Ligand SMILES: C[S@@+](CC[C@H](N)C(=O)[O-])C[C@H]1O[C@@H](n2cnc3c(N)ncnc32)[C@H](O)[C@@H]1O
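Given next, in structure tokens, is a single chain: the form predicted on its own.
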Amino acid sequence: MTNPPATNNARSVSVDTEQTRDLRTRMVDALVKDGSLTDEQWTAVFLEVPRHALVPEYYEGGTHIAGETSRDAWLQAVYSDTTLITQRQHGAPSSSGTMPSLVATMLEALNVEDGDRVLQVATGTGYTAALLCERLGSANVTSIDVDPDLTAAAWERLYRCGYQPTIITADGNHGYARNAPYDRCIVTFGVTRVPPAWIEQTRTGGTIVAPVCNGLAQLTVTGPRTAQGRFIGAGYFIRHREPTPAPQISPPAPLAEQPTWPERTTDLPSSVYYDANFRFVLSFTHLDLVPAFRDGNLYDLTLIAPDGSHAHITPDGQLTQTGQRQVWDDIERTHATWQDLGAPARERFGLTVTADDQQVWLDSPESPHRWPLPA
């Protein structure tokens, strides 16, 4: 996408009002109070950038809410610490405005310095790009998204706010080599492995902050194809989207045609699935488990593996498993290992990326407790 013609960088004052400035101040005060914002420069940036100008609409359930028709509700949501679904495709969320506290955590984790060049992967609404432009200057910000509708809308909104970053429509997994090397890379969609391009396009010593599995990884680039760092918090994001539809894969055999394992009771309750730290372990040991619920009861839980295997656990511990493998048996073994290690929190884990391998480790890179991320 071609950037707009050069113009002065003065922000259009028409997008901001006394009401929006007041709401923004309240939001920032709350982020400072809860510890999400600790850096004075980033605090000033959050106070300056008009989020409402970059998030003009969102979805609540299946309801579309826009500033033009529901101004008060829209403004209250935009300046709350909430993730807002901003695009839906085929009935499912396909883009969102990340909750401001998480954006603040990620930006502070970048450890930027004046003049740093940043690659932002997943433009979305353009809000994170705007914050980066306010802090570092538009010339130092490159933002990329696979969806041309998103990049076109974000480009227009950013331009109206006085920001002119480079906006690219392409697969974010490949970065944007033309503007490399970058000093920092920030990613706002979820991946299960770190794409090599992000490391190759970030200078040695530079920082990458990205949601890997469901943890937020802060990595330092240590060489042309290597990086290492720790998980610093939760990182639940919409997953990476391919630029073209994935090829059709034959669906698993119907459940009626798959093996059914003997029913039994389990001492591991379905509630363990909602333990944030164990859920993180599951995210890199049992990739792509899909939950389903009966009658909206979160504890009447079915977990579906990519091969179609099912495990259904009732609130009183009755277990039924169907498919090529016993999914809950695997989870029980993983849980036992996690307990034997002291039920470590997400922040005790780290990640090492090399040209040939990516491994999660516990406590230190030299730890004997390591788990490879599947290719």
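All values reported here derive from a predicted model rather than from experimental measurement. Residues carry their position along the shown sequence, with the first being 1.
Quick note: we don't show the form predicted in complex with this ligand, though the next part is all about it.
- Residue H240 is the only one of R279, R160, R230, H240 with a heavy atom lying within 4.5 Å of this ligand in the predicted complex.
- Contact with this ligand in the predicted complex, defined as a heavy atom within 4.5 Å, holds for exactly one of S96, Q201, S270, T105, namely S96.
- Heavy atoms within 4.5 Å of this ligand in the predicted complex belong, among the stretches 67-75, 97-105, 260-268, 289-297, to residues of 97-105.
- Proximity of D16, A53 and Y79 to this ligand in the predicted complex is absent: no residue of the three has a non-hydrogen atom within 4.5 angstroms.
- Mapping the unseen interface onto this chain, N173 counts among the residues with a heavy atom inside 4.5 Å of this ligand in the predicted complex.
- When this ligand is considered in the predicted complex, D147 lines it closely, a heavy atom lying within 4.5 Å.
- In the predicted complex, at least one heavy atom of A122 sits within 4.5 Å of this ligand.
- Proximity of T207 to this ligand in the predicted complex: non-hydrogen atoms within 4.5 Å are absent; the residue sits far from the partner.
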